[in-house]
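Just one chain follows, in the form predicted on its own, and it is written as structure tokens.
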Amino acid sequence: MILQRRNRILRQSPAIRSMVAETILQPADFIAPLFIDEGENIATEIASMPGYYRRSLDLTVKEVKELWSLGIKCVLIFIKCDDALKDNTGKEAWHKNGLMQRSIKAIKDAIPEIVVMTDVALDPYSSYGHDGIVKNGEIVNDETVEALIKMSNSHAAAGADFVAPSDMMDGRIGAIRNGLEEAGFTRTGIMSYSAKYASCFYGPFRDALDSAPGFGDKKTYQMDPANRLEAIKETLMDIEEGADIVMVKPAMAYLDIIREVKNAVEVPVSAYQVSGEYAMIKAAAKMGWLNEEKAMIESLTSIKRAGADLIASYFTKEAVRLINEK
């Protein structure tokens, strides 16, 4: 059999496959999410996220130092707010000595070069567990945005490099950008959750922060999983309003959206491999149904191949260790 083209030539050894690989994961691609709680020397494993922990601030700083030593350049901070501090205004979110603000300062003091991103949404601080202020059973938009401005400015004042609004309120990116400018925080970036879907894959995350909605769901502000064009519209609007980085969330069930967004924009695109996606791989591996390391790397590679410049993932530390061993 005589063939003019034998495509398998470029697949015949690990060295050749590595040499011609189109998509290569590297430590700088990753954003490491961190869950932080009050107390000292506390590390609580999240039952629905095996191997992932909610840590006190002292242990979080140690974790950040280890992440930095592995070549991970960025962390995304979430805090667990004490129930006694929750209300319908979310005012604890911009307390100058709140857990988030103290965490930002402690991490930047420990590793000044690391990029610190902060979650901007009211659900961890809300007595209702929603991303916005509730009035007469409705999550109100404009009053929520005013709260998000205060929250973002407090994060910037504490030293955050990027605020990351994850709420999906209308107009919040422009309002936050204006708020940062007016307060003199001209070096603080915005990573917008531009296409955040109302997904069932967030369940374990809500266990981590005790932030499940107290009534109803989040479908009046997060996007319908059935929609594609809406994601492009939302993303382009966020860029017009001042977003520096845009995000698609979740990732694995929305690879088509990541690619559509990447093709439509000229800013970095991030994607969030969320808690449910992490938990599925962990659970299947525990049952012996797949190889955890291979499934982890394949899933992350698919997210980058789809167009993500940055990947937030609970596999970040494990994945980077494997990458560094190659």
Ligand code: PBG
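When you see a residue number, it is the position in the sequence shown, counting from 1. The model shown is predicted, which means the values in this text are computed figures rather than measured ones.
One more form of this protein, predicted together with the ligand, exists but is not displayed; see below.
Contact with the ligand in the predicted complex, defined as any heavy atom within 4.5 Å, is confined among 118 to 126, 235 to 243, 178 to 186, 141 to 149 to 118 to 126.
Contact annotation: Gln222 falls within 4.5 Å of the ligand in the predicted complex, judged by heavy atom distances. Although the partner is absent from this view, Ile257 stays clear of the ligand in the predicted complex, with no non-hydrogen atom inside 4.5 angstroms. Looking at Val274, you'd find a heavy atom of it within 4.5 angstroms of the ligand in the predicted complex. When the ligand is considered in the predicted complex, Phe315 lies well away from it, no heavy atom lying within 4.5 Å.
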